[in-house]
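Heads up, the chain below is alone and in the form predicted on its own; it's given as structure tokens.
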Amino acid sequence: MSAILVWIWLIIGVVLFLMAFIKDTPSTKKTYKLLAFLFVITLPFTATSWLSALNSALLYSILAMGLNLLLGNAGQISLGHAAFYALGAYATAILSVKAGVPILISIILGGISVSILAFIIGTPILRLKGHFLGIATLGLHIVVENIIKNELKHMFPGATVPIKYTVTSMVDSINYALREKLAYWDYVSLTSGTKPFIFNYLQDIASNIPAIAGFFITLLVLYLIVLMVRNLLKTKVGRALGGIRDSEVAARTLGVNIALYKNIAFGLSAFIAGIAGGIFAITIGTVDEASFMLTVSLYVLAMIVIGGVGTIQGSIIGATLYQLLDMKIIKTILPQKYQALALAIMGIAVILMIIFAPKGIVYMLYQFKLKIMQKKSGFVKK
């Protein structure tokens, strides 16, 4: 699909999501939600040139969900979120490659093991508060980064996970069958002089089959994580975390075990990050320290601030907007000779977002929706 059509398709998608968010009539809202869902399902087949950025946006949405649970819902800062992301990736790779555990089980076990480790580590670390806690989690990341460099790096020479343990192997038969059919059409066209009108399109799909499969796997995991977090926040644990965030003194007065629930939040946050690391290992197929640098934690923190702290939608919106701006939109708009300025422009864009939407995009959209509803009802706030 041409670049212009991709842009038009993406703009249509944004409009659908906005309408699904803003509409308050149940039937209309349901219709737009269905259309938005269909848009997401068809996206990897229509915007193949954006697949890398889209997959990265989904992966970072999962990461942001974990950090937002800790920061937005429990009020605990962490600058070492990427450490659990890295440990999850290595745990999944080691379990699947070295121990022969099936990939799906490896991802789950990797997330659980990282969660248990975080729960144990959180006991001393979470006694700290504010910037002291931030510095402690920063130190945790440095420790993990050094362990990867000195102890784990040699397990995967060249930082590459063997292909049979990645998502590429899962879709190998589909890819082979599609390429075989394309080769047949190509051969027939030598005598007939014509190819099916969808030949070039299917050829593009065939070259992106692993990335498309990775998109749907990551999307499914993100959906499951959203359900888990949403249901968790409705339970006693979610209410306890909210109480700790708002006032530890009040929560303690009401009988909340502060230390225990902080550890639970830390463990759950690490579990989600570990799952994200496992998905990264099997979809990207590489595990090395360059992919889990300290800047990853800072990027994720910026994403949830942009999207909206303490909201599920904010995690997804912030991560998607940040990654698409960083990886595709700015670089597409900028002329080739100004590509070196992309990082600076990204920084300026983040600053402007925080200035004009200090509480996040989700809060801004809610305010916009409220104004529309007030206008419809004839009520104008003075």
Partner chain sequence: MALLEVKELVMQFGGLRALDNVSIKIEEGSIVSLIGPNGAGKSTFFNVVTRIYEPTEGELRFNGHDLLKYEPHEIVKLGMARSFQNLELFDNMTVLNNLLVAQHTKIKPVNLPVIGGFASFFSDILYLPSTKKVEKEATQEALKVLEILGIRGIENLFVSILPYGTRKLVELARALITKPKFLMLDEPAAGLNNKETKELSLVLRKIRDEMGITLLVVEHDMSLVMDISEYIYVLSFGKQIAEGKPAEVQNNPAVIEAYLGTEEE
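Numbering follows the first chain given and starts at 1. Here the structure is a predicted model, which is why all the values come from computation and not from measurement.
Keep in mind that the form predicted together with the partner chain is not shown, yet the notes after this line are about it.
If you check the partner chain in the predicted complex, you find a heavy atom from every one of Asn231, Thr253 and Val256 within 4.5 Å. Under a 4.5 angstroms non-hydrogen atom cutoff, the partner chain in the predicted complex has Val237 among its neighbouring residues. Contact check for Gly285: no non-hydrogen atom falls within 4.5 Å of the partner chain in the predicted complex. At the 4.5 Å threshold, heavy atoms of Leu190 stay clear of the partner chain in the predicted complex, well away from it.
Interface residue remark: Leu268 is counted as part of the site for the partner chain in the predicted complex, having a heavy atom within 4.5 Å. The candidate stretches are 87 to 95, 174 to 182, 256 to 264, 204 to 212, and the one lying within 4.5 Å of the partner chain in the predicted complex by heavy atoms is 256 to 264. Only one of Ser247, Ser169, Asn200, Thr194 lies close to the partner chain in the predicted complex, with a heavy atom inside 4.5 Å, and it is Ser247.
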